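A single chain, nothing else alongside it, follows as structure tokens in the form predicted alone.
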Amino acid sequence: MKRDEVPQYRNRVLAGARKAVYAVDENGEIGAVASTGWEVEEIVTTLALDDFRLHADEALARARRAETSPLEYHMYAQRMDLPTLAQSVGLQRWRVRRHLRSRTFARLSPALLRRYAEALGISVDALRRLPGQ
């Protein structure tokens, strides 16, 4: 992509921020150019965010019925999926999936709760609670 072809769509998802996009200048050299995004990027990002919101809402309803743990809600609310969370806490997926069960989650050690809380960027108290509790 040439420098003057770098899209400047004003992607709402970026909220006014700019990001670096590599482009070729008139001398054929590659360099970073500030971009405010492009339409396709905004559409795809918005769809992905809507998907995470939907999963978080469904997990919240299940967690309120004690069918899953608050961990599942917080995972989706923080825009993570199971593989991402497992990688972030350094556990295998099957262990994280097991921790999504409300009974198993209630018995997790304080050290493991801290690892989850740190990966999700929230406190341990917030991890144990659901919104509105």
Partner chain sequence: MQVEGYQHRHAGHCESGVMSALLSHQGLELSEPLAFGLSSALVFAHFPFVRVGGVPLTSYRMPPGHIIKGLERSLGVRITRRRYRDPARGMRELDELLDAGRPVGLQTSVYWLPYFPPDMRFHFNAHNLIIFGREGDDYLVSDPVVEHPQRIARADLEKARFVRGPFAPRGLIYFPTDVPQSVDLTHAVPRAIRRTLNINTRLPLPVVGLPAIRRMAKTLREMPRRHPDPRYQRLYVGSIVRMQEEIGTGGGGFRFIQGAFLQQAGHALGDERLHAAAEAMIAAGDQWRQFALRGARLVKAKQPTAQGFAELADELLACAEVERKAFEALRSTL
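What you see is a predicted model, and the numbers here were worked out from it, not measured in a lab. Numbering follows the first chain given and starts at 1. Definition used throughout: the rigid core is the maximal C-alpha set that superposes within 1.5 Å between two forms.
Missing here is the form predicted in complex with its partner chain; even so, the following discussion is about that form.
Asker: When the contact criterion is heavy atoms within 4.5 Å, does M80 count as touching its partner chain in the predicted complex?
Answerer: Answer yes; at least one heavy atom of M80 falls within 4.5 Å of its partner chain in the predicted complex.
Asker: Decide whether L108 counts as a contact residue for its partner chain in the predicted complex under a heavy atom distance cut-off of 4.5 Å.
Answerer: Answer no; every heavy atom of L108 is more than 4.5 Å from its partner chain in the predicted complex.
Asker: How about R10: is it within 4.5 Å of its partner chain in the predicted complex, going by heavy atoms?
Answerer: R10: no contact with its partner chain in the predicted complex.
Asker: Answer yes if any heavy atom of R62 is within 4.5 Å of a heavy atom of its partner chain in the predicted complex; otherwise answer no.
Answerer: Outside the cut-off, so no.
Asker: For the stretch 1 to 30, return the residues whose heavy atoms include at least one within 4.5 Å of its partner chain in the predicted complex, in the order they occur.
Answerer: Residues within 4.5 Å: M1, P7, N11, V13, L14, A15, A17, R18, K19, A20, V21, Y22, V24, G28, E29, I30.
Asker: Following rigid core alignment, is the displacement of the E26 C-alpha between this form and the one not shown equal to or greater than 2 angstroms?
Answerer: Yes; that C-alpha moves by at least 2 Å between this form and the one not shown.
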